[in-house]
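Next up: a single chain in structure tokens, the form predicted on its own.
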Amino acid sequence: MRKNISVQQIDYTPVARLGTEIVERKGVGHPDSIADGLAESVSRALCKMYIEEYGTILHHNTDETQIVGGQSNPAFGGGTILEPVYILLVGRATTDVLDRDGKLHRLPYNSVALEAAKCYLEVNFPNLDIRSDVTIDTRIGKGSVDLMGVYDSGKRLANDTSFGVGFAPFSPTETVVLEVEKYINDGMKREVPGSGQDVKVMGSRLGNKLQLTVACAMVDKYFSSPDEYRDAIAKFGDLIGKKAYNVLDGSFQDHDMDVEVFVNTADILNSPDPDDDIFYLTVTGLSMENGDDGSVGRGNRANGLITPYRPMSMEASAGKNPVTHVGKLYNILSIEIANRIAKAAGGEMDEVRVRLLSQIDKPISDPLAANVQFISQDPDAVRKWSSEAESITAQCLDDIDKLTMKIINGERNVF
């Protein structure tokens, strides 16, 4: 069997038919997601610099970005930032290169990283002033000699013995959670401009009852009074409910799911003494302005969700190099393989699970193990789809080189 690919059918109840399900999505403005986004933007910028200068991507990993929350004083009509957020860009990179004359050439890796981080913040967080609201520090150092030796060997050899995990298709709950967060950070801004980018959506399904608990940092300058805030939260909840049903009706026409929405449940909006009311107000629309910290890898997996009812890898994908780091490549590739198999099989597969295991210093296109699992009501699913699944898996592994540029160009999500 090519590439150590194994295919099997397993006897599990599909997630969508379990009695309970929990799904989480940390939005783009959550401190952990910001750390992921910064790490990935720095990695992509370094890749482009290396390609422009030397025609190839040199060794680097920038997956240790840390965010230390600042202090703020939000207020209706607009508050102030008291202490800026501190952002530390950490990792390893190729910092020096010998030119053709044997002279050591120092690369502008820190300035490239700093510019990439600033650009990412400016593009994604319109209420954040990067000149005053954040302090960005770079501490990217030279990479490990041993790992660089593996990396610079001229072959695409795995940098580690590690695995990646993917599954498909998404359940209705997973689909709703993902699409609701995307909607809040896109289309809803036209309806509720005071909604910030720091969003977390938690979906909890019991039977056919789906409860969505949504936290969204609201931007204080858009609300002149508590009444305006209350009206916005009510509208916010209504829009989420409509969006959830639109997603269900559009993708799962035969669903019988009821949706209940809760927004900013820590708020106290109608206490006897108005001074006791609590509002999720922020100056920037980001909770990191007032004490919330963030780290790479503590949030969404490579498919954009946190899914405790599914197989997952704990590996952080953001910021890892897209050439030989299997913690990144194999998680993204496993998801692609699972989706392609599920699409090919149509409704005959309830779930497809894929696991890829590397072995350090061995070709990433030839894993130590590539395991595909089916969950299907058809007892003959393996017989019917094994060959196709193996072919898809082998083809994706053969084409793994193409995945690198897709990641660099932002065509593949990593969180």
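It should be emphasised that the depicted structure is a prediction, and the values quoted were computed from it without experimental measurement. Residue numbers here begin at 1 and follow the sequence given.
There is another form of the same protein, the form predicted in complex with another copy of the chain; it is not shown, and what comes next is about it.
Between another copy of the chain and the residues 169, 291, 241, 226, the one pair within 4.5 Å by heavy atoms in the model of the complex involves 291.
For the residues 98, 314, 234, 75, the 4.5 Å heavy atom test against another copy of the chain in the model of the complex is passed only by 314. For a residue to qualify, one of its non-hydrogen atoms must sit within 4.5 Å of another copy of the chain in the model of the complex; all three of 81, 88 and 107 qualify. Annotated contact segment (heavy atom within 4.5 Å of another copy of the chain in the model of the complex): 109 to 117, selected among 252 to 260, 109 to 117, 341 to 349, 180 to 188. Interface membership of residue 378, defined by any non-hydrogen atom within 4.5 Å of another copy of the chain in the model of the complex, is ruled out. Of the heavy atoms in residue 51, none are within 4.5 Å of another copy of the chain in the model of the complex. Another copy of the chain is not drawn, but in the model of the complex it has a heavy atom within 4.5 Å of residue 320. Shown alone here, residue 388 lies farther than 4.5 Å from another copy of the chain in the model of the complex, counting heavy atoms only. Taking another copy of the chain as positioned in the model of the complex, the residues of 114 to 134 that bring a heavy atom within 4.5 Å of it are, in sequence order, 114, 115, 118, 119, 122, 129, 130, 131, 132, 134.
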